[in-house]
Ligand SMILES: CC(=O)SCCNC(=O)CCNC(=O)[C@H](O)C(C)(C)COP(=O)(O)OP(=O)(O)OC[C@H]1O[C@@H](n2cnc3c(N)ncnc32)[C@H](O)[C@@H]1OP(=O)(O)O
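What follows is one chain in structure tokens, specifically the form predicted on its own.
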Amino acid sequence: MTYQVYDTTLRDGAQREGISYSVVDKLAVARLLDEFGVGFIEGGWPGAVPKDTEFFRRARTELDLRHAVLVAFGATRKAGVAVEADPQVRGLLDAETPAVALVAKSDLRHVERALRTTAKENLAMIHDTVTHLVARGRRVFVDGEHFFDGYRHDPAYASAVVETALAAGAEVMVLCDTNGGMLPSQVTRAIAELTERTGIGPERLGIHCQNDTACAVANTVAAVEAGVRHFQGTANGYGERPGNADLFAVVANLQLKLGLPVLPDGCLEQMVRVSHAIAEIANIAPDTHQAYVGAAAFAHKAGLHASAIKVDPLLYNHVDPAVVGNDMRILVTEMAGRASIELKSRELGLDLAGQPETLSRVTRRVKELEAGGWSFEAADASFELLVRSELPDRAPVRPFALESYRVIVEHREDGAVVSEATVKIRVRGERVIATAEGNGPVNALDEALRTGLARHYPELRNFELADYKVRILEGSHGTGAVTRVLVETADQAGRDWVTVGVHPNVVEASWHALVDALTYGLDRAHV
């Protein structure tokens, strides 16, 4: 059995306060996780959460996963209910995923107080649900909720839960530190005792750790060192309370420190790009001090560090930053970065390998913009337009030239708030003035721009604004703070793209993102 990298960003990670993924967001995150090379993506709880049900429905036709297996999450049948009659179990089958994860109580106190059932019935619930799903062709993982606490309270019963799940046909029994209170030595000791007590090899076990003691990554690594082959985590450690084990740190530690082949070749260097892109989709500022992927993970002050790094960068770096897609920095000046831009450009169909001058210009321009708060990690469309603007034979055709725009927000005596926008543009030699109202200044501006372009570009009616996110950039405060806007646009063919704009004025930031969105969409429509 090879190592199983199991991601639960879209289910457990989504329980973090402040995260609310749309279905489109979930599809985008799943694609990124697949690019990172994870083996399993837990997409959510179908039947219990309508958004998750819709995600699995769309995933069947919209996700083309190369590395990952999609997993539906749910619970064992309810106490006293036949498994065939349990609607939640039916929802797991209706999701049509190759694999299913079941949460099951493994702490007798939770069985009796939370489920309000007997120890025997809980084991029957696990057995019945696993055999039911396996008989219908599903790979089944069982998450033993509160396993470590339950094992300390009643090791015989916690062991019986493990034995029951595996005997029923579960592929892996996942030991969950649900309260996040374990330390690495305690995890290692519990696994050793469990395997000795039951005779079950550690390769049939999995590990899932919360981070309440800040030991989730260490606990996960300790479990793998104890023989566990299946480990779970979330992108950037997202999750409720202090979060989950950061999957990126776990994977990097296992692959780079222990030499374990946990990811497919060529995937580890996608780590920084995927981490930051998921952060943007979640609308959470990337943690600059996050291990491996943070902007400061390989940053050094001047003096002794700088002089040593000139001799050998590894004298002050525990790994080569490039192996995870990161860059080393001295003071506030970024070094390198060209490789990441070249790799991303190639992914978008723009090969800069044989054009060093162009690559240098793009790299310089990206760094200048990022210094001002721009981020292209989750805005592929804006990044592609930037790169193409430096390629004479691939430069995008701008659909219009702006003369001016104006936005008015009127708060009336009756409490009604009305926004009106006017744009003055030149389109194919013609001066156009268009006015429109909207439910806000950005909506009004978007409508006015579309109105002005509609006669020349009728295909605009196929585009719609799918999502709009605004973030106050770190270090800026008050009404004059610098804002970053992400605009997600979709067309009737089901394609979507994201653009970015940054400015102290939120309307101007939105304007940049809207212009890129329409430019990209129109350009692609004419390809």
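Note that residue numbering follows the sequence shown and begins at 1. Note that the structure is predicted; figures quoted are calculated from it, not measured.
The same protein also has a form predicted together with the named molecule, omitted here; what follows describes it.
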* To do: Counting non-hydrogen atoms within 4.5 angstroms of the named molecule in the predicted complex, say which of Ala48, Leu65, Leu465, Leu473 makes the cut.
  => Ala48
* Among Tyr151, Tyr238, Tyr292, Phe73, which has at least one heavy atom within 4.5 Å of the named molecule in the predicted complex? -> Phe73
* Structure fact -> Exactly one listed stretch (409-417, 155-163, 73-81, 356-364) reaches within 4.5 angstroms of the named molecule in the predicted complex by non-hydrogen atoms, and it is 73-81
* To do: State yes or no: in the predicted complex, is some non-hydrogen atom of Ala167 no more than 4.5 angstroms from a non-hydrogen atom of the named molecule?
  => no
* How about Val103: is it within 4.5 Å of the named molecule in the predicted complex, going by heavy atoms? -> yes
* To do: Indicate whether the named molecule has at least one heavy atom within 4.5 Å of a heavy atom of Asn253 in the predicted complex.
  => no
* Find out whether any non-hydrogen atom of Ser22 is located within 4.5 angstroms of the named molecule in the predicted complex, and reply yes or no. => no
* Enumerate the residues of 108-143 that have a non-hydrogen atom within 4.5 Å of the named molecule in the predicted complex, in sequence order, or give none. => Ala114, Leu115, Arg116, Met125
